[in-house]
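Below you will find one chain, with nothing else, as structure tokens; this is the form predicted on its own, and questions on how it binds or moves follow later.
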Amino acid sequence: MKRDKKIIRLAKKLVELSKDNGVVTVARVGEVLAGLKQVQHRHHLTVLKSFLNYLHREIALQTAVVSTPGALSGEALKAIEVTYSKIYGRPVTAVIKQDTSLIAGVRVRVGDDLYDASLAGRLQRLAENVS
């Protein structure tokens, strides 16, 4: 149990070292992995798995996945990035994901948070309130 806590702490620290101005970058992750290769931790596979897990979480917190039935303009995407960067107080990059199940509107997911401004979402909430 004590070993697991140490590995988790190390993995979280490695994620922090992978950031450049608060954003995870490929270059910094490469540097961290090169450093890990030199050190060869006793439980290196467990450390790498934990690092990958926390790295995925951090990248999800930095990414706004915008689900929409059609394409969005560059200006709309930039406005979403600016809005969510202000909300979360950190840089957020928007990525478009086309979702044909949406009738109209958008869904935005940042980490575990979901913002649903779609017609399908409204209809679902209406159906839940009626039942």
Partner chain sequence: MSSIVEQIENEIASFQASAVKSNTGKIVSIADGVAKLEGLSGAMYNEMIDFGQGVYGIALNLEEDEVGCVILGDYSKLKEGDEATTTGKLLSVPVGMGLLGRVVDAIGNPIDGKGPINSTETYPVDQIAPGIIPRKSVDQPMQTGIMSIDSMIPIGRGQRELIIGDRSTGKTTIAIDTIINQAKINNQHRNEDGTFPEGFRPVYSIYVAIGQKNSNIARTIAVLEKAGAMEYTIIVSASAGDNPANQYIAPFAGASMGEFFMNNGMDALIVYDDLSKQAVAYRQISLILKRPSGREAYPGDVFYLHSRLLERSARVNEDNGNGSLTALPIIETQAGDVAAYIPTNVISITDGQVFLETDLFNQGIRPAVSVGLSVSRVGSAAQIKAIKKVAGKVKLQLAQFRELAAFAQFGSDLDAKTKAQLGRGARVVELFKQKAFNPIPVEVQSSLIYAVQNGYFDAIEVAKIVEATSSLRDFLETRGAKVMDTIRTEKAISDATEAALKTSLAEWVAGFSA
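The shown structure was predicted, so the numbers you read here are calculated from the model rather than taken from an experiment. Numbering follows the first chain given and starts at 1.
Below, we refer to the form predicted together with its partner chain, which is not included among the displayed structures.
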- Message: Within 4.5 Å, heavy atoms only, which of T63, N53, S85, T46 is in contact with its partner chain in the predicted complex?
- Response: N53
- Query: Wondering, does R125 line up within 4.5 Å of its partner chain in the predicted complex on heavy atoms?
  - Reply: yes
- Should K19 be classed as touching its partner chain in the predicted complex when contacts are defined as heavy atoms within 4.5 Å? no
- Query: So, in the predicted complex, is R57 in contact with its partner chain at a 4.5 angstroms heavy atom limit?
  - Reply: yes
- Message: Would you classify I7 as touching its partner chain in the predicted complex, given a 4.5 Å non-hydrogen atom cut-off?
- Response: no
- Message: Residue by residue through 90-115, which ones have a non-hydrogen atom no more than 4.5 angstroms from its partner chain in the predicted complex?
- Response: R109, D112, D113, L114, Y115
